[in-house]
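Quick heads-up: it's one chain on its own, the form predicted alone, in structure tokens.
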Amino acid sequence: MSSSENKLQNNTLLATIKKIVSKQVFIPIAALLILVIFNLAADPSFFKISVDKSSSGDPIMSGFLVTILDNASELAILAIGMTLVTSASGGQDISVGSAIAIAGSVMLRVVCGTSARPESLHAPIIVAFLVCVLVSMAFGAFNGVLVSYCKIQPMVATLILFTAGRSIASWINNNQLPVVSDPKFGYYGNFIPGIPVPTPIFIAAICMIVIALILKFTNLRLYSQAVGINPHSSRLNGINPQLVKLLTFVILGACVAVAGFIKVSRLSTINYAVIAKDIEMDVILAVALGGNSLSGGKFSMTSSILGAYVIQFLTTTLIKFKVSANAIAAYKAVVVIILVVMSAPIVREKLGSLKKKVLSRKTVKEVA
């Protein structure tokens, strides 16, 4: 093989690698591959999946991979709404954990009524869920109005609900901790009898399909990206920036309702102080890990969702290797620091100039 053919093959290979690396989805996939390789080397049994029997004798799938897919469901659902909010507003909603507490409290209030230990459901689960969605969307609209019409920074605007949300959730149920005795209520956060796959996995998949259809058949992606990049230019093109921002917060509110429903269904009760604690940080990290700019603009929904599963993969890996709960937050903080530093304009500029220098030196050598 001649030297010219070798150069052609090398250039083709470099072009292919460059094309792959430039894809936004490459970042979460690369992170996922690193975690997979690490666990394969440390303990191959990490990937073992088995079918066991529940206490009622029904088949259920178990294993670390099933746990990751199950526990990441709420995170993936929230990442959908957070991605849209980040894209349109150029900021993040830090109140989703508190909003989940409110959504779960509303859900339990409707199905339990005024009794903390009802013998039967006071309302159908679907009715309670719809009420939960409406309330969550209303709180999302509250945040959206503060951001879009009052011109308050998203993190500052959502700090109000972040601070007061859990108290509101407790007040909704008169500071009681309702417990649902009907086993059907627990199906949505655990297993449906006869189906070995955790129900939250199906719920997350349905949410992904719905948002994929919305983004495909509506202008939501175009509008949110246009508003995030330049709200003034988007206004000149007939787009209402305030309305778009408000809509993204309302959509996030709907995602919060679904996540809150799953959370309370898992245990058939609620702990206002603990439920979804610090989940907002994981959601924001998932969006950042997906390669999305936290200052708004273009986004990749697929990358954000993959980022959510990567975050849960990392959390499960740390738990599996018996890292203390307090230290897990520190490991995630390291990931946040790396992502923030790598996304900083000055760092990107330095990396770009370094890349140009390397390519120019290579070109000089080839010419010589």
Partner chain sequence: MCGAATHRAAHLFFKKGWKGANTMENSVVLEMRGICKYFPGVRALENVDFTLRSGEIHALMGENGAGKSTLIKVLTGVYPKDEGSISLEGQEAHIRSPQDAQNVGISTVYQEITLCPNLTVAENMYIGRTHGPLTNWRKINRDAGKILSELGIPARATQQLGSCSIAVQQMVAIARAVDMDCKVLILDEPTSSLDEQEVSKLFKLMRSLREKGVGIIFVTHFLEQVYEVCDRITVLRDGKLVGEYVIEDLPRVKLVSKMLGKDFDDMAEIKSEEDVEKIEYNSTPVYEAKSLSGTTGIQPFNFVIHKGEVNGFTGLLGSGRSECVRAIFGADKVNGGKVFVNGRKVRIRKPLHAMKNGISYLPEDRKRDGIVGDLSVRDNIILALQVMKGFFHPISRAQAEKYADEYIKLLSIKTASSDTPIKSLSGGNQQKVILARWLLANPVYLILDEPTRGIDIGTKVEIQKLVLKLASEGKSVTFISSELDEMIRTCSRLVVMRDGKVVGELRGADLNQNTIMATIAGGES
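Since we're looking at a predicted model, the values are computed, not measured. Residue numbers count along the first chain shown, from 1.
Keep in mind the form predicted in complex with the partner chain is missing from the figure; the text below concerns it.
Checked against the partner chain in the predicted bound form, the candidates Met137, Ala128, Met208, Ala226 yield a single residue with a heavy atom inside 4.5 Å, and that residue is Ala226. Though the partner chain is absent from this view, in the predicted bound form it lies within 4.5 Å of a heavy atom of just one residue from Asn71, Asn230, Ser120, Thr269, which is Asn230.
Residue contact check for Leu222: one or more of its heavy atoms lie within 4.5 Å of the partner chain in the predicted bound form.
Not displayed here, the partner chain is kept clear of Lys184 by more than 4.5 Å at the level of heavy atoms in the predicted bound form. A residue is said to contact a partner when one of its heavy atoms sits within 4.5 Å of a partner heavy atom; Leu236 meets this definition for the partner chain in the predicted bound form. Proximity of Val110 to the partner chain in the predicted bound form: non-hydrogen atoms within 4.5 Å are absent; the residue sits far from the partner. With the partner left out here, the partner chain still marks one of 252-260, 72-80, 195-203, 239-247 in the predicted bound form; by a 4.5 Å heavy atom cut-off that stretch is 239-247.
In the predicted bound form, Lys298 is the single residue of 295-331 with at least one heavy atom within 4.5 Å of the partner chain.
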